[in-house]
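The chain below stands alone and is given as structure tokens, in the form predicted alone.
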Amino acid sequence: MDMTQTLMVALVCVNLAYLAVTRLRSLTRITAVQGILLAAAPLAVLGQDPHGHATTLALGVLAIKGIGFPWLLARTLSRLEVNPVVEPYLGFNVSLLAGVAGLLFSLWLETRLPFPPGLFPPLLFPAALTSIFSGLALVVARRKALTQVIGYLAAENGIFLLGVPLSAQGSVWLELSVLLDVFVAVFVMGIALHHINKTFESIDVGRFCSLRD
């Protein structure tokens, strides 16, 4: 198993871990681990990099996804007076089974789609699609808004991973602009969560249905 395959297996494990952990701080740490692994993806997938585009992209991903996002999430969590236990709509075992089912579906779908030969390294497509599935599961199956922000990031990370093999020379700036857009979105979400907690004394989205005009 080469470095790329090892990296993809590690990303799959991280994606499934999103659905199994029960503490918010553990989710933020997993977000950091996923960001660090994603930073290694351009170097592992693109290989030789005479112009330094993959290196620049990897450093940008490390700074934003591996350091910036987790720090912002941890800072937001420390300022919110919130129960640190993840509160699911679906049980953790059911969520994990759904993640495994998403992985199996991704492996099957990889064999059915007519990709150009050599476009995706082995296991990259399933790893990316599992990240998207896990992120969507966090958004749908968890109660706290902060958990749903983390799910949004996980899904976006899967989309980014799909784009790594398609990165041509010079497209690094497009990729970084997308990352900066996501950074702004998470920053705004952090502010919104802070104000929601101050106003409603809870970030449980299930209580929003009790709001009246």
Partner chain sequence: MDALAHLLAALLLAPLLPGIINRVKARLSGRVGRPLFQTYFDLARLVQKGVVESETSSWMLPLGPVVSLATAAIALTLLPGPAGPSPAAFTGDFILAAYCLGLGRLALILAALDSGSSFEGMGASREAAFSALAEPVLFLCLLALAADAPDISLSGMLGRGLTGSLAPERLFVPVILFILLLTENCRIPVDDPNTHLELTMIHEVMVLDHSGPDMAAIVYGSSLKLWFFAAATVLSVLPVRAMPPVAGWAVFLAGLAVVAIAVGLVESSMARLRLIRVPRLLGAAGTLAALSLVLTVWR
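From a predicted model like this one, the values you see are computed outputs, not experimental measurements. Positions refer to the first chain, counted from 1.
There is another form of the same protein, the form predicted in complex with the partner chain; it is not shown, and what comes next is about it.
Engineer: Exactly one of L72, A141, V100, I132 has a non-hydrogen atom within 4.5 Å of the partner chain in the model of the complex; which residue is it?
Structural biologist: When the partner chain is considered in the model of the complex, the option within 4.5 Å is V100.
Engineer: Could you confirm whether V12 comes within 4.5 Å of the partner chain in the model of the complex, counting heavy atoms only?
Structural biologist: So V12 counts as contacting the partner chain.
Engineer: If you check in the model of the complex, is L104 within 4.5 Å of the partner chain, heavy atoms only?
Structural biologist: It does: once the partner chain is placed as it appears in the model of the complex, L104 has a heavy atom within 4.5 Å of it.
Engineer: So in the model of the complex, is the partner chain close enough to L123 to count as touching (4.5 Å, heavy atoms)?
Structural biologist: Contact with the partner chain, yes.
Engineer: Is Y89 near the partner chain? Define near as a heavy atom within 4.5 Å, in the model of the complex.
Structural biologist: Judged by the heavy-atom cut-off of 4.5 Å, Y89 is well away from the partner chain in the model of the complex.
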